[in-house]
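Here's a solo chain for you in structure tokens, the form predicted alone.
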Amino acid sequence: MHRDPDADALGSSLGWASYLIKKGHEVTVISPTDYTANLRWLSGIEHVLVYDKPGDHSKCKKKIEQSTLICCLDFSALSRLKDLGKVVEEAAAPKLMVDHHLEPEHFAKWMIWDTYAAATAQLIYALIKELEGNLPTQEIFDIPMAECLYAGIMTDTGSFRHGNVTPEVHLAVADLMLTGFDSSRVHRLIYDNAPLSRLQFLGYVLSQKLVVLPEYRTAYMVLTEAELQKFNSSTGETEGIVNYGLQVENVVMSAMFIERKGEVKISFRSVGTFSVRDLASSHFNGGGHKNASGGRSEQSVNETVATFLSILPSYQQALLNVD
């Protein structure tokens, strides 16, 4: 899965791993970096190896070098694996890519790629259903597997409120729910399971760091490494905060700049026809989806924000034209 894995990356990987194990295969799930605390309940996550953890580093390399198939889920470019990308690229085993992001690199022997899919977990669900033919859903999926796939679909659709929600999304979820899992429990574990410090941190960001530029219908937030340390913010506690910018009246683009470990990570969100993917790929070495994208910068956080502000005039008309 990709670095800084979200619920779709972890959910699709763990769901697919569970299926392969049921079919008699030996499976190892590997993440390039650590994952957030609100996903630690996912079934099988205790066996996930994290490449940038000293104790797991050599295990990951050995498993990849010995593998007979490498499944690459929820990313379309090896650069999304951070330092693990080179290890995967040089591995002798053939690769299977399952993903829904735009413009994939052709590093895999087999590609299951659909940009119209709301989540990679939706593609894994469809793949398993195709492999199993006409078997009843309850004989294919157990509750933990269904929960993993549901978590990926639910989060990548913004709890089913984004524009990527199609009839196929609802049909897939309805089918998975036949296993009997509690969808409200999954939602609660992901979204309503934060420590008090996270809510206090969110309050600080929204009250002190949210900047709105009405002339560009844009909101942005900047967090320095010193601020993250002040609030003892751990990996993933900034996840999703960028979405709050879109709750401001008349705002159609929200951006968040986070300074961490010598680089600036940028998250972009938009509504309607405005493509933050195009903006991210043109200016910030990024990519993703039309309305949800990310980028990175090796400039200082102040220089990165200055670059962002300097390009806004060239996007002003497109931002103003969003219905």
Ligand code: 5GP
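Residue numbers here begin at 1 and follow the sequence given. Only a predicted model underlies this, so the values are computations on that prediction, with no experimental measurement involved.
Separately, the form predicted in complex with the ligand exists; it is not shown, and the next lines address it.
- Only one segment in the set 65-73, 32-40, 46-54, 288-296 has any non-hydrogen atom within 4.5 angstroms of the ligand in the model of the complex, and it is 288-296.
- When contacts are judged by a 4.5 Å heavy atom cut-off, K265 counts as touching the ligand in the model of the complex.
- Although the partner is absent here, K209 is not a contact residue: none of its heavy atoms lies within 4.5 angstroms of the ligand in the model of the complex.
- For R217, no non-hydrogen atom is located within 4.5 Å of the ligand in the model of the complex, even though that partner is not displayed.
- In the model of the complex, the ligand lies within 4.5 Å of some heavy atom of H101.
- Along 75-90, a single residue, R80, places a heavy atom within 4.5 Å of the ligand in the model of the complex.
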